[in-house]
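Coming up is one lone chain in structure tokens, specifically the form predicted on its own.
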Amino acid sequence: MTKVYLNKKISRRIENGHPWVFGNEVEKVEGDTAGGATVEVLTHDKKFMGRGYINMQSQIAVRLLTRDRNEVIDEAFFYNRLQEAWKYRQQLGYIDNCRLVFGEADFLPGLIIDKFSDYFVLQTLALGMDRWKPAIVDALQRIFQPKGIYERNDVPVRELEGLPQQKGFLSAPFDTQLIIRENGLQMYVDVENGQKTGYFLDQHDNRRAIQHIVKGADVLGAFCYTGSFETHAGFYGAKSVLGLDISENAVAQARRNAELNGLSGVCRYEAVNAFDALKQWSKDGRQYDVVMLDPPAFTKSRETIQKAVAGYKEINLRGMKLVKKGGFLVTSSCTNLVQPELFLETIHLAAKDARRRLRQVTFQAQASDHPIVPGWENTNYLKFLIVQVL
């Protein structure tokens, strides 16, 4: 087996358990470096660190799959890891719809699998994991006997790995417009053309957190996408709900979700630029009992973190100005490079500039089927905050 030796001066990050080895951390490689091949990683003095797959074309040269010298990376390995991931979700009660595999947090770096009842959507985001796709699909078939499996590998990050973007069926074809149940509601999931895998399961528990503050309230939801938070607000007794999103297709599906749950009279949507609307409406003096902000990630690069922070500060400042005194701001960030402390600091600065005082109601991360591993920043990416605005 090919051996990868780490630089002598390497940080203790890998020794302490992190699964990524960057290209500049490699001192030398002995053996074949064919992309995606399984390799052994050792310290400069030949101490075994683990086994993983290599791609010297990628910024992340090796992603570790195991620290056990006796564990073989084969079809059985992936079957067992998927069984372990499923057992974890079952123990927590995430059974019908859940993120079955959350990459590094499930010790399967580069692999995402979402379960929508009897259907599965899969992403293999790194070359080594892509090589094992047939074994992963076979394991899903054996464990779940699913009604369908779909591949959503139409993401730019694959190109950094030398992989093409692609999507399509990994099983017999099926209707890719699904309906799932979440928190007592029915929601459409478009696994073929929706964002990511078709639905944002990571906010599952957070959507439930709004149930008391929206009762009898006039609610504004910006960056609403397909209206999952807004539909929940209507379901939980909001007086009126207005959702804003720049995508006509997303707004059309949001309206379908409202109709599916008998909420068309409460939830309405407009296809507009939410940034522009927040800015103008705060100047116009519009007021709501609850304002909800759930924007897409503002950056995926460390070089533009400050620009992302400025964006979060701006939309939250505008959002606060639209909240009646004593009302609530519900705000999220899915930018993993903006860590929780920085996000809270940004909200605090926005409140200072808006001349509003805040009281924190709750501060949460993603749902527990997206587990967080301490010290692995990419697993701790979602920030969800509810504050009272005074």
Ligand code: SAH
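All residue numbers refer to positions in the sequence shown, first residue = 1. Predicted, not measured: the structure shown is a model, and the values here were computed from it.
Unshown form predicted in complex with ligand SAH; subsequent notes refer to it.
Engineer: At the 4.5 Å heavy atom threshold, is Asp106 in contact with ligand SAH in the predicted complex?
Structural biologist: Answer no; every heavy atom of Asp106 is more than 4.5 Å from ligand SAH in the predicted complex.
Engineer: Using 4.5 Å between non-hydrogen atoms, is Cys224 touching ligand SAH in the predicted complex?
Structural biologist: Yes - in the predicted complex, heavy atoms of Cys224 and ligand SAH come within 4.5 Å of each other.
Engineer: Is Phe229 a contact residue for ligand SAH in the predicted complex, using a 4.5 Å heavy atom cut-off?
Structural biologist: Output for Phe229 is yes: heavy atoms within 4.5 Å of ligand SAH.
Engineer: Is Asp114 a contact residue for ligand SAH in the predicted complex, using a 4.5 Å heavy atom cut-off?
Structural biologist: Contact with ligand SAH, no.
Engineer: From the list Ser247, Ser240, Thr299, Asn80, which entry has a heavy atom within 4.5 Å of ligand SAH in the predicted complex?
Structural biologist: None of the other options qualify; the answer is Ser247.
Engineer: Can you work out which of Gln195, Gln141, Ser264, Gln186 has a heavy atom no more than 4.5 Å from ligand SAH in the predicted complex?
Structural biologist: Flagged contact: Gln195.
Engineer: Of these, 266 to 274, 282 to 290, 163 to 171, 93 to 101, which stretch puts a heavy atom within 4.5 angstroms of ligand SAH in the predicted complex?
Structural biologist: Heavy atoms within 4.5 Å of ligand SAH in the predicted complex occur in 266 to 274.
Engineer: For the stretch 288 to 315, which residues lie within 4.5 Å of ligand SAH in the predicted complex by non-hydrogen atom distance?
Structural biologist: Sequence-ordered list: Asp294, Pro295, Pro296.
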